[in-house]
Structures are given as structure tokens and as C-alpha cells.
Ligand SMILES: Nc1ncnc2c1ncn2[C@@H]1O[C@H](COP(=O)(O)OP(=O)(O)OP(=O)(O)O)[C@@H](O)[C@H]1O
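One chain is shown next in C-alpha cells, namely the form predicted alone.
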Amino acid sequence: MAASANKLPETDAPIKLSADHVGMVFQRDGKTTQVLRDVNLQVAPGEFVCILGPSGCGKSTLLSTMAGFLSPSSGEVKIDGELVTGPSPRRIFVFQERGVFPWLTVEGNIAFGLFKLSRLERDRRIAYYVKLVGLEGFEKAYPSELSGGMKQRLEVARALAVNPDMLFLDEPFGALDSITRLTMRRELLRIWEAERNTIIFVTHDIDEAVQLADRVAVMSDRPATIQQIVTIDIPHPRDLSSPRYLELRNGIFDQLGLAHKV
């Protein structure tokens, strides 16, 4: 396992996002529920970080707080040194449920956030992202005519087309079958390597986290904090049967208190 420090490895490394002592408490029906407790995390520009933890521990709450959809009860989140006080068009959130518009074609979905561009630039950008996510030939198709994996690729294309600074992805492949999930992981990595957006990706799938991330932030049960940061020091494409991959994966299983032998 890598060192457990939540800061970036070098003290002079640039910081894109910092979460400092973030806590979240919800009040509902007269009951108080503490979801997040003293969460600290730093993310570098262009880094791919996975937030991993048990279902219901608060991963999505933390992601929504980082993206500005929720305000923390304590602590703060900064992006590029500025306090996050709400969502921004420079930071795109891809929700767990697919967010494509069923009444728009593939082209229409990708073009949705590009209304300020000239027609020429809009068409150029649509064509670029259609090709990037492998949807050539389906430009005029509606979401109902696409497979689950194609819809997810469309959602990623729509998010990327507005040229975001950061992508926040909340278990985007959770509803897909296992084969399509593997394909989408490869596609996302290919796109990330081409675009180099900063990505924060929530998952409860340990293999998914180790396959994708530069670093994995392992969260505890609720009230959740980050109990370990694991640096995945394996180049892409990753050999899922290599001793180092298995060592890292099994170390995370141990950290979460889960048996990894059958």
C-alpha cells in the first residue's frame, strides 16, 4: 500500500482541488445524521482520482460537495485556490442515472451546452466528440436507438464538449453489464489520456478504481472520512493479472476489512 497522506506526494506540486476538514451533517425529521467527518483531499491538475468506499458511506455526498451542489457543514472546498460556493459550467457532473435527453439526437445532446458558439465551431466540436467516443454513424440517432454503453459514451461526450476544467463522475457505469463496463473503462481512459481533464470518479468497485485511477481515496463507513490514499503506480494499459495490480487491489480489500480470497 502507498503512504496514507492525503496530500499530493510533492509539497510544491500544483493543487487543482483541495478539500479541507470537510464535514456534512443532515437534519431530517428531527434527526441528525453525520455523513462526512473531517475529509481532507488534494487533487492535482489532470489527475484521475477515484473515491472508493462501501455503499451508503457518503461518496456521492462528498462528490456533490466538491462540485458545489452541496455546501459542507464544516470545512471548505477550493478549486484553483477559490472557495467553491456553487456549481460552475467549468465543472461538469455526470450523474449515476444517465442524463441524456431522450428527445434530442446524438448531435443535439452534444450540442446542448454549445449555444454560445458559432455554427461552424459548434459543428466542428460535435464532430470531434462524436469521433472521440466512437459514435460516428449515429449522429442522427435518438437515445432510444442506442445501447446502454453508447448512451453512456454520449453522456461523456456531452460533458466533454463544453470543455470543462473538471469532470465529476458518480458511478457512471454502475447500471451497465460487466462486459460493457470493461469497455467503458477503456474508453474513458482513452478519452482522459487525449483530453487530460481532472477527473474525480466515485465507485464502490475496487477493480474499477485500481484499473482507472492515479490514486484511490478509500473512505470509511459513515460518518465517512478518507482512511487511506493508495497511489496506483502501474502504467496504462494495466495488466489485471500482474503481481503489482493484485497486491494493490488486495491491499484495498484488506483496508476495507473484506476477504479477497475464495
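All residue numbers are counted from 1 along the displayed sequence. It should be emphasised that the depicted structure is a prediction, and the values quoted were computed from it without experimental measurement.
A second form of this protein, the form predicted in complex with this ligand, is not displayed here; the remarks below concern that form.
Across the proposed site, 91, 198 and 200 without exception lack any heavy atom within 4.5 Å of this ligand in the predicted complex. Contact with this ligand in the predicted complex, defined as a heavy atom within 4.5 Å, holds for exactly one of 225, 211, 42, 60, namely 60. Although the partner is absent from this view, residue 26 contacts this ligand in the predicted complex, with a non-hydrogen atom inside 4.5 angstroms. In the predicted complex, residue 204 approaches this ligand with a heavy atom inside 4.5 Å.
This ligand is not drawn, but in the predicted complex it has no heavy atom within 4.5 Å of residue 107.
Although the partner is absent here, residue 35 lies within 4.5 Å of this ligand in the predicted complex, judged by heavy atoms. Only one segment in the set 225-233, 42-50, 27-35, 189-197 has any non-hydrogen atom within 4.5 angstroms of this ligand in the predicted complex, and it is 27-35. Although this ligand is not shown here, in the predicted complex the stretch 170-194 places heavy atoms of just one residue, 171, within 4.5 Å of it.
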